[in-house]
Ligand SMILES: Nc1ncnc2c1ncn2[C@@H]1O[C@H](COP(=O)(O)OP(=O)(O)OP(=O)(O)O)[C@@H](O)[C@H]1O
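The chain below stands alone and is given in structure tokens; this is the form predicted on its own.
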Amino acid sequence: MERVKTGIKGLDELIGGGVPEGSSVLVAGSCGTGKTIVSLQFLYKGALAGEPGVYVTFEESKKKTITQCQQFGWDIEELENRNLFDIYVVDTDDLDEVLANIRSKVDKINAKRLVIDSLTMMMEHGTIYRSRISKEVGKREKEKVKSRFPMKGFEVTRRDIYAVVGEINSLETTSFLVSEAGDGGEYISRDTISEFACDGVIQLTINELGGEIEKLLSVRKLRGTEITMTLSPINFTKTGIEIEE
């Protein structure tokens, strides 16, 4: 099995040397846990190694993304000029169009890595022809009516999530899909489904003890990989993040 190095010190050692090539990995956590930095570092380090990557964002502008990278000394504009990095700021509510645009950008630079930031926003923000993935759609396809997520009387279903993750997997990139954490309980993601649809799950958490705040990472699952699910501290340095073994 070919493995893709994340470029995050300490993480590759936790996952047998890297992420299995072509896998989709959910990066889940609450606000401020470092989800976006983990994902951008994965893309940046890949680009430095000659593996082009596409970053898809639903919330931040391109300028803010570039500024966020600059704080770690990551010159992604230079990588863009070399067709090793592409930032796609989503500006449409049509999920079909979003997926088509992602495929186009992946094909354009022959991307090997992909980040969706975030899958949560992708499903809640977008629109889709539900006839493609649920009974509601047969009728709606004939009427050419689109449905917004979430729409009154409907929830994002298991089939919806699996359909979108399936589309991403069909790109054959190694992908990090950012997700908001669930509201406690037994589920990792807010939609309660993404962790089952993806090949792997990296969970980021915050632990507060005695007035000290510690950010932690654990690998909950990863296909073809033996994992221990230990909680490892995350260190933020001037050049990115590192995981303590």
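All residue numbers refer to positions in the sequence shown, first residue = 1. Nothing here was measured: the structure is a model prediction, and the numbers come from that model.
A second form of this protein, the form predicted together with the ligand, is not displayed here; the remarks below concern that form.
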- Message: Counting any heavy atom within 4.5 Å as contact, can you tell me which stretch out of 45-53, 193-201, 216-224, 27-35 lines the ligand in the predicted complex?
- Response: 27-35
- Message: Whether Y88 contacts the ligand in the predicted complex should be assessed with a 4.5 Å heavy atom distance threshold; does it?
- Response: no
- Taking heavy atoms and a 4.5 Å cut-off, does Q68 contact the ligand in the predicted complex? yes
- the ligand contact in the predicted complex: F72, any heavy atom under 4.5 Å: yes
